[in-house]
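Below, in structure tokens: the form predicted on its own, a single chain.
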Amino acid sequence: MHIQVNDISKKYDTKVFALKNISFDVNLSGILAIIGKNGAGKTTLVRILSTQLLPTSGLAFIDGYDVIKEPQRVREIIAAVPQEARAIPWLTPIQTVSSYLMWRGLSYREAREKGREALRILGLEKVENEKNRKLSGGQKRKVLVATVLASEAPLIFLDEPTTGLDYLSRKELWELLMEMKKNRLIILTTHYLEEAEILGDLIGILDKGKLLDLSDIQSLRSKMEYPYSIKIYDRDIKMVVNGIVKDVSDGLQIFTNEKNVYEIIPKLLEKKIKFSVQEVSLSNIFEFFVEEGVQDEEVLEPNNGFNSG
């Protein structure tokens, strides 16, 4: 699936840009995860690409179809679950999915068959005839995902699909999306950075309406001045560090480069101090890109006990 976005901007009034000169070119099967703080422009971008909202300026094409001039052609090859979407309370899961498929042009029989199969894949076959209002929050979100799964659309938009789900329900949905992405493109917005890191074949970072970067996780790490994180479970150690040192609840967190990692580790081993080393997480990368971090993410304060060199 090929998506081209050229200088897309969206202004909601005379002063505020929700998106400003967004451009990217993506051609893949997989998951494009878009992250950003609340108000960064994630939902606005998804609404434009899924033909729900017109941009103020710029162009966008999906498999060669103009999103602005050929919205009907685009709608034939996409399916979307908006952030505000809710399963209709008085319908059942099978009615929800099959009615959506009939709206897309399938016959009643084919819609029921495909609907049942999608619900089975999602583990909802035992509740397919229950009213949606009786389902748990996780089951209701799965019903909505079942609609786009059953559509077999090559491009799916999921705007924060796991918001409000407990961790186990999110993990179940992650496993499903990992299977779904094998033969289609899924554009997923999320404010859970762990989710984006696990699922995203490509990750786009939006901040204040601007696209700061769009790369895979390893490419994002390669752009970091300090791509490694050392967790030291001791606050009293003193040494010169080339990097950033932060105080955390159970010790110190050091962000540094590979050369400094090899200099620090022997000293920690010699002093028999417990530590761990890993590549920086997407949470770290995001914090460095946008400086202030995101809501619900811990912001680590500098520790003055170290000398930075």
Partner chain sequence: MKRYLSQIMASILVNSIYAMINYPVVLINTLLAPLSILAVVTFASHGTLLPVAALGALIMNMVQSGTSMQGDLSHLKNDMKLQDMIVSSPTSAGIYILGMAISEIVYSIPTLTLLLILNFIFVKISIFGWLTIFLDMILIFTFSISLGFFLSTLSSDIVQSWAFSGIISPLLTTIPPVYYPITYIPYPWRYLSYLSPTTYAAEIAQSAAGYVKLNLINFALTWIILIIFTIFIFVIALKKSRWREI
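Positions refer to the first chain, counted from 1. Nothing here was measured: the structure is a model prediction, and the numbers come from that model.
Although it is not shown, the form predicted together with the partner chain is what the next lines describe.
Participant: Any of the heavy atoms of Val67 lying within 4.5 Å of the partner chain in the predicted bound form?
Facilitator: Looking in the predicted bound form, residue contacts with the partner chain include Val67, since a heavy atom lies within 4.5 Å.
Participant: Taking 4.5 angstroms as the cut-off for heavy atoms, does Thr44 touch the partner chain in the predicted bound form?
Facilitator: Taking the distances in the predicted bound form, the answer for Thr44 is no, it never comes within 4.5 Å of the partner chain.
Participant: Heavy atom to heavy atom, is Gln95 within 4.5 Å of the partner chain in the predicted bound form?
Facilitator: Judged by the heavy-atom cut-off of 4.5 Å, Gln95 is in contact with the partner chain in the predicted bound form.
Participant: Is Ser50 close enough to the partner chain in the predicted bound form to count, meaning some heavy atom within 4.5 Å?
Facilitator: Residue-level check for Ser50: yes, a contact with the partner chain.
Participant: In the predicted bound form, which of the stretches 233 to 241, 195 to 203, 214 to 222, 108 to 116 has residues with heavy atoms within 4.5 Å of the partner chain?
Facilitator: One stretch meets the cut-off, namely 108 to 116.
Participant: Give me the residue from Pro71, Gly137, Gly123, Pro154 that has a heavy atom within 4.5 Å of the partner chain in the predicted bound form.
Facilitator: Contact check passes for Pro71.
Participant: Is the partner chain in the predicted bound form close enough to Tyr167, Asn183 and Ile187 that every residue in that trio has a heavy atom within 4.5 angstroms of it?
Facilitator: Negative, none of the three is within 4.5 Å.
Participant: Given a 4.5 Å distance limit between heavy atoms, list every residue of 71 to 110 close to the partner chain in the predicted bound form, or none if there are none.
Facilitator: Going through 71 to 110 in order - heavy atoms within 4.5 Å of the partner chain in the predicted bound form - the hits are Pro71, Gln72, Arg75, Glu76, Ile78, Ala79, Ala80, Val81, Pro82, Gln83, Glu84, Ala85, Arg86, Ala87, Ile88, Pro89, Trp90, Leu91, Thr92, Gln95, Ser98, Ser99, Tyr100, Met102, Trp103, Arg104, Gly105, Leu106, Ser107, Tyr108.
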